[in-house]
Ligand SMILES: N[C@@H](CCC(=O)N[C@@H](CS)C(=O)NCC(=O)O)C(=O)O
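One chain is shown next in structure tokens, namely the form predicted alone.
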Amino acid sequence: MLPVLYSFRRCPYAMRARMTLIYSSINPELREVLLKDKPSSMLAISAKGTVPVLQLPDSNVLDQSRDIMHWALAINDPQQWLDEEIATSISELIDYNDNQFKTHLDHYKYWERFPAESKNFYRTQGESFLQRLEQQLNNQRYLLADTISMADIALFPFIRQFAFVDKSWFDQAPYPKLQAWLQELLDSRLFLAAMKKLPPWHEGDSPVSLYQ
């Protein structure tokens, strides 16, 4: 029995989980979820009702993207994305992304829902993190080392989303290293494979794998 992944390809949390599973050569059955019509089988195993959700062959369930990433990397991590020497830095960077930056991103992307401040105000709040990442990329090719780590993949979907709120602005912003880093990951085999477009899954549909 294969693991089963409930996912929505444009969700940044699901995106990083999908990229890590592909990297680790783990190919679960993929069930693309329409967030307005969540399948009852997903809600039965994860009450939180958000993606990604990975049901393992032993019926255990992982419904946090970081847990899915760690699970996959524990099985197969050929390029040492979880380098023990930078494990603490990886965790700290992802913590900030998921807790502080994600809030600024949501306010910026959906600024009309938060009328207390302007769109530019919310963008400026998020920019402090972009500036931090730009400085880190001045020191090495990727966020924490000269090779990709789990941090790069975990942050990439959120930086992508921030950039595409106003791509014209982002492309001329003073973050050349971050722009190049983002473009490299946008062009990567992992991202292109993870973004495979599928119709929403329904009970009784034939199984489809995450990648071919």
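This one's a predicted model, so the numbers in the text were calculated from it and none came from an experiment. One rule holds for the numbers: they count along the sequence shown, beginning at 1.
One more form of this protein exists, namely the form predicted in complex with the ligand; it is left out here, but the text below deals with it.
Original post:
Between the options Ile45, Leu56, Leu186, Leu35, which residue brings a heavy atom to within 4.5 Å of the ligand in the predicted bound form?
Top reply: That would be Leu35.
Original post:
So which of Val51, Leu178, Leu144, Ile159 gets a non-hydrogen atom within 4.5 Å of the ligand in the predicted bound form?
Top reply: Residue within 4.5 Å of the partner: Val51.
Original post:
Does any heavy atom of Ala193 come within 4.5 Å of a heavy atom of the ligand in the predicted bound form?
Top reply: Ala193 lies outside the contact set for the ligand.
Original post:
Wondering, does Gln64 line up within 4.5 Å of the ligand in the predicted bound form on heavy atoms?
Top reply: Result yes; Gln64 sits at the interface with the ligand in the predicted bound form.
Original post:
Is there a non-hydrogen atom of Cys11 within 4.5 angstroms of a non-hydrogen atom of the ligand in the predicted bound form?
Top reply: Although the ligand is absent here, Cys11 would touch it in the predicted bound form, with heavy atoms inside 4.5 Å.
**OP:** Can you check 56-64, 165-173, 178-186, 23-31 and let me know which stretch has heavy atoms within 4.5 Å of the ligand in the predicted bound form?
**Re:** The contacting stretch is 56-64.
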